[in-house]
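There is one chain below, alone, in structure tokens, taken in the form predicted on its own.
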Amino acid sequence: MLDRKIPLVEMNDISISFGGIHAVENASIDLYPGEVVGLLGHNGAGKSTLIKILSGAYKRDTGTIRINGEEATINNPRDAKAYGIETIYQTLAVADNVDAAANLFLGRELTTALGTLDDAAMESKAREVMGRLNPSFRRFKEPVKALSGGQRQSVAIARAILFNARILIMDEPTAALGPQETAQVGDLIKQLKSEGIGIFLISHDIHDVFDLADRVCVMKNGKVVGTARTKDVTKDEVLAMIIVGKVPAGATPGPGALSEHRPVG
């Protein structure tokens, strides 16, 4: 049973430098089961670098990561996957020339007793997972390049959760999608939340974040400016956090907040 009182992820005082420049400095963020946390900030703010540390793409210089309350060792993407962490990049990294089932099992194909590909088993499992995630999906026999942006996103998400991911990192999941497809991705995220999966949502679109996220974390110059529940702040207040580091009353300030908003002591 999921314990929603214990964070799925706790990243505490994470720092990393490249060539002596602090890309991320003393950043702390957490994520609970069934929660979406939106990460906002200008290009170069540090949000993607912080999340790449969680995904194993970068190795942190200092700080700790806890998964389900226990300290985690994440030095590479294989380590991250072992902890149930999957990343869905903006480019999706799907194989356009094959169908949904082949994408879901790419690199982890099922085989028969004779050592041949078990296409029937893979399609059956694909239908099961897609049925749970996106019941309206029907285009199992078509190459992924023939699918819409929202359907391709469904395939990428299904591939992540097929192997029991509990923590999803979604990088600009609605970029270049129309309103209908954006709504479809929103439905996918709500379904994932209902299953207790936690999601870090990296986005430049503040409207998306307010539509989909339970909390928002703003970064600036490699530091966390502040964190807030979306229901406790306005879009204008979050914009002020992004642009000048001003933290409103409804948010918890971080090390990157304007000095008058930092906690004393």
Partner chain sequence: MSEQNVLLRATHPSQGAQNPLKRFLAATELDTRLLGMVGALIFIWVGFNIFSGGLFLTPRNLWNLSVQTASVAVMVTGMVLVIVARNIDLSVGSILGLVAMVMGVFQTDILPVQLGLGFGHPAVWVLALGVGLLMGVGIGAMQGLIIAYLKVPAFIVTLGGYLVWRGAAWWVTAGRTVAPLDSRFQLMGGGPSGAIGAFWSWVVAVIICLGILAMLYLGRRQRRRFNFPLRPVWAEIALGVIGCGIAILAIAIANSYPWPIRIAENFAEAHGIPVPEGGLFISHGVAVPVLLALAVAVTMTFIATRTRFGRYVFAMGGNPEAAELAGINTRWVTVKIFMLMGALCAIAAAISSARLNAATNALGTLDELYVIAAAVIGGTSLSGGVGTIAGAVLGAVVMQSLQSGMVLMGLDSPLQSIVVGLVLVFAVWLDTLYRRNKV
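Definition used throughout: the rigid core is the maximal C-alpha set that superposes within 1.5 Å between two forms. Just so we're clear, the structure is a prediction, and the values are computed from it rather than from any experiment. Positions refer to the first chain, counted from 1.
Separately, the form predicted in complex with its partner chain exists; it is not shown, and the next lines address it.
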property	result
183, 187 and 207 each touching its partner chain in the predicted complex (heavy atom, 4.5 Å)	no
Candidate from 73, 111, 194, 136 lying within 4.5 Å of its partner chain in the predicted complex - any heavy atom	111
Partner proximity in the predicted complex: residue 165 to its partner chain, non-hydrogen atom cutoff 4.5 Å	no
Partner contact for residue 172 in the predicted complex: its partner chain, 4.5 angstroms, heavy atom	no
Close approach of residue 78 to its partner chain in the predicted complex, 4.5 Å, heavy atom	yes
Exercise: residue 161 in contact with its partner chain in the predicted complex, heavy atom 4.5 Å	no
Residues of stretch 199-235 in contact with its partner chain in the predicted complex (4.5 Å, non-hydrogen atom)	none
Displaced residue check between this form and the one not shown: residue 72, CA, 2 Å or over, core reference	no
In the predicted complex, shift in Cα separation for residue 194 relative to residue 140, 3 Å or more	farther
Direction of Cα pair change residue 194-residue 128 in the predicted complex, magnitude 3 angstroms or more	farther
